[in-house]
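First comes one chain, alone, set out as structure tokens in the form predicted alone.
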């Protein structure tokens, strides 16, 4: 019978095959370790890059993607140039009156950037020139009031939120008292005490009754931040009150304050125009959109362009600031993205 012997598996044969198998597994493991190390390095690099970007840089990155920011920004740049350098847009004196230029002539749309582009008012003054020069008073009042109420409301809200106790009670009740007085009504009453009403008197009146909202926003943000771990660590390391407030807390509460102030800026411009319209704010010879709207209201049927042009620019300015505030809010608040 044939000798059918099955192949013998000896320890020596297994030992001889061991290095090849072990070597293949080692190469595979080494390749896997290299890939994992490369992925980990890439992840660490991406994480470090994300951590290196500050809140301002992150907000600017979001703003660049927002069409609201670009639309409002371009419009505001034109308005600011108009307010700062009105001679770039017209060389006509807005106070120059020529009765031969009657308001019934109306706008001459073919004459771009000329004195008669928007027509003339009842006194023969160029509506276009007065609209261009009127941007200065309205925007200066709005910007100055916004800066003033942010400073006053920020200080009040920061002190009340950080120290608490009786100081918080007194400042909060004082804020509630002023909150009960509407901004327009308070401005009307306070401006009655001034015989010569200028840009600065209007700014003072609006600041006196417009700081409360910023104070409430700042107080709430400071109360939230003062219990944070980094503030506790700074206090444990011996940091003083001023350093904690201005170095650690203030940078972390500016976001909501900036959003509220930006949106409110348009409201302050509209309030100034309302006061001038009622005859309580700015007066002639000051060139302002509110002054022109008030002066041309009685001639609305015969010359509507004298009222519609400054009113239109006023509406565009308020809308631009509100859109900018919405874009900044979306950029600074990650929960809204």
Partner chain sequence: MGRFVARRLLQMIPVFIGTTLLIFLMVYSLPGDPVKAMFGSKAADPATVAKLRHDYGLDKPLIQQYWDYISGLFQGDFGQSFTGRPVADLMADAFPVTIRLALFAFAIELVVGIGLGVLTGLRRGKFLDQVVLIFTLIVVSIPVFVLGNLAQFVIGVKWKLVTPTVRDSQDLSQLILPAVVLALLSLAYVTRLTRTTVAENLRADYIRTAVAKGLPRRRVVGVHLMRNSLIPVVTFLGTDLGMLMGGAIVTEGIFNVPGVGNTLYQAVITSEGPTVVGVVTVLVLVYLVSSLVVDLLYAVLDPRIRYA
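Numbering follows the first chain given and starts at 1. As the structure is a computational prediction, the values presented were derived from the model and not from experiment.
The form predicted together with the partner chain is left out here; the points below concern that form.
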Note to self: Even though the partner isn't displayed, in the model of the complex is residue 209 close enough to the partner chain, meaning a heavy atom within 4.5 Å?
What the structure shows: yes
Check: Do residue 168 and the partner chain share at least one heavy atom pair within 4.5 Å in the model of the complex?
Finding: no
Next item on the list: Using a 4.5 Å heavy atom cut-off, state whether residue 188 contacts the partner chain in the model of the complex.
Entry: yes
Next item on the list: Report whether the minimum heavy atom distance between residue 277 and the partner chain in the model of the complex is within 4.5 Å.
Entry: yes
Next item on the list: Consider the chain as shown here, without its partner, and state which of 200, 246, 230, 179 has a heavy atom within 4.5 Å of the partner chain in the model of the complex.
Entry: 179
Note to self: Considering non-hydrogen atoms and a 4.5 Å limit, which listed residue (192, 252, 224, 96) is close to the partner chain in the model of the complex?
What the structure shows: 192
Check: Just one of 118-126, 87-95, 142-150, 168-176 has heavy atoms within 4.5 Å of the partner chain in the model of the complex; which?
Finding: 168-176
Checklist line | the partner chain in the model of the complex - contacting residues of 257-275, heavy atom within 4.5 Å | finding: 270, 273, 274
